[in-house]
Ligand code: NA7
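Form predicted alone, single chain, as structure tokens, below.
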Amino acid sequence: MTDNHSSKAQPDCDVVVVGSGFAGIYALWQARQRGLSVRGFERGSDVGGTWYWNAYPGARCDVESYNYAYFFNNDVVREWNWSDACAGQHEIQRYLRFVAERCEVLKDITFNTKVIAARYDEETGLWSVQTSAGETIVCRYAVLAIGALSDPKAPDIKGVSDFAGEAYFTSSWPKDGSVDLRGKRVGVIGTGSSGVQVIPEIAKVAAEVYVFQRTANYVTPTAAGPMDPKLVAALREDPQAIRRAFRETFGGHTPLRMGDQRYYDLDAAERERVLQDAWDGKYIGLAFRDAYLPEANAAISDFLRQKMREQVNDAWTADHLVPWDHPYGGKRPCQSDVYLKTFNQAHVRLISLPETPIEEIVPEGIRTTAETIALDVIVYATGFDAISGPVFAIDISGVGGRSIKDEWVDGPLNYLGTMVHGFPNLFLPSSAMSPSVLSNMATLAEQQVDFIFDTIEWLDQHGRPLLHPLPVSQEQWREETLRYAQRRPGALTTKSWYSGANIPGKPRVFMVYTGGFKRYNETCYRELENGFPGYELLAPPRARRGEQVSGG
């Protein structure tokens, strides 16, 4: 097909779905269930999204497998058996492949194909989606299930291309088993979740490991281990009841264990006992019922710092692995049972970049202000251009040819985390201003895709009008997101990827809705039930005379 095909009045299909992670697989299934024709595109060679690309050693989920799964299909819940309460990358990708096969959506996906552009045609009210293979597909609805953490952050270090050794990114780790780090000198740049997981695995085989840390993060024990048969049986008994119950919780999962006492009701000795109990029970972040209070959070943060220091033998290393610059929860906490203890090994060394910054990468290794460290391999665990980055990776233009990059020049702006003014019938699950990475992403994928396809069904039943949010709704939603962020300790004062602070020049906007899953879900469906009062409904092109289509 050619670009001229995009001006035709009839679509090639009803829906185009971009991405095949949790949201993409479910969106493809939902489209078919509702009798819609659909095309899916995936830049990888298999399904999985994040769990396809991040195949580095040690990669695993920090949300328990009891929760981090689909519940829309009873058979899927009952037939799949997880091996661990916190599943690893390989198992999660196998699970997503199992679901895709079980739901028969693989036939709808074109793999090894990147969507490079999506353009809205005002004359037809259709979207023209262009791929890296040179194909252009015209559709009525576009669902960009591209994830929040799918656009890797390029290293902003001088001389990256000059290194003579091997270089790998945790975000695109080779899947062919070709990486062999045995006996090599390895430098790892980055100590976020990926770094915390991969460093202990590298240390098992490498001769020397140098960890280049810009900022320290909280590291708490994992919940990994055997699945509880009783809990598994309870989940399988009535999956739909579980699915409904998840949407009534704050985080979109089985209620987390938390302390039953309030911080101000306890004296110092009682607080210490409660904190130790929470540490032992692996719910330290919610040690108190009022853990959200700054004073309670400060007590939790101090307790965690001490527990982290106790695991590291060298005092200097211990002090530098502890985050002194932000409270617990200001950044996404990391989980590992072995990361901190890894630094007790003689061949593992921490390099504190605030004290001795990297000057440049040279052919033989990495040069800091203090020394040149000779390396055979550099591993970049440098994270992602989170949430808005995947959107900007596609050339998206809406009404008047306006680019979404221009619309978001001062930071993301949308309504309910799924639609943007000026981009009718374009849906963005897992985008900014939704519960996103601070919720159970599997539950969020189902909730947002349900809402999207319930919206599409409503539009089809009401004459197929075009839908996009009112500008005032977007402004109010950004204010609502900010209002809840202000209640989260450290959210607005910590430099993190939640607000884009890890990307030079990126606008500082807190991009995650923290008002709770229940409130978010109810707000979405209140719009649907009331005929979309927070949106603008435009007449379909064939009937447009300048007037709007009335909702309801």
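Because the structure is a prediction, the values reported are computed rather than measured. All residue numbers refer to positions in the sequence shown, first residue = 1.
Not on display, but discussed next: the form predicted together with the ligand.
Put simply, T382 is close to the ligand in the model of the complex: some heavy atom of it is within 4.5 Å. The closest non-hydrogen atom of S194 lies within 4.5 Å of the ligand in the model of the complex.
Proximity of K331 to the ligand in the model of the complex: non-hydrogen atoms within 4.5 Å are present. At a distance threshold of 4.5 angstroms between non-hydrogen atoms, E101 is out of contact with the ligand in the model of the complex.
Taking the partner from elsewhere, no residue among A245, F517 and R526 has a non-hydrogen atom within 4.5 angstroms of the ligand in the model of the complex. With the partner omitted from this view, the residue of Q261, T215, T372, S403 that lies near the ligand in the model of the complex is T215 [heavy atom within 4.5 Å]. Screening Y68, W497, W53, F41 for any heavy atom within 4.5 Å of the ligand in the model of the complex leaves a single hit, W497. Only one segment in the set 342-350, 148-156, 235-243, 202-210 has any non-hydrogen atom within 4.5 angstroms of the ligand in the model of the complex, and it is 148-156.
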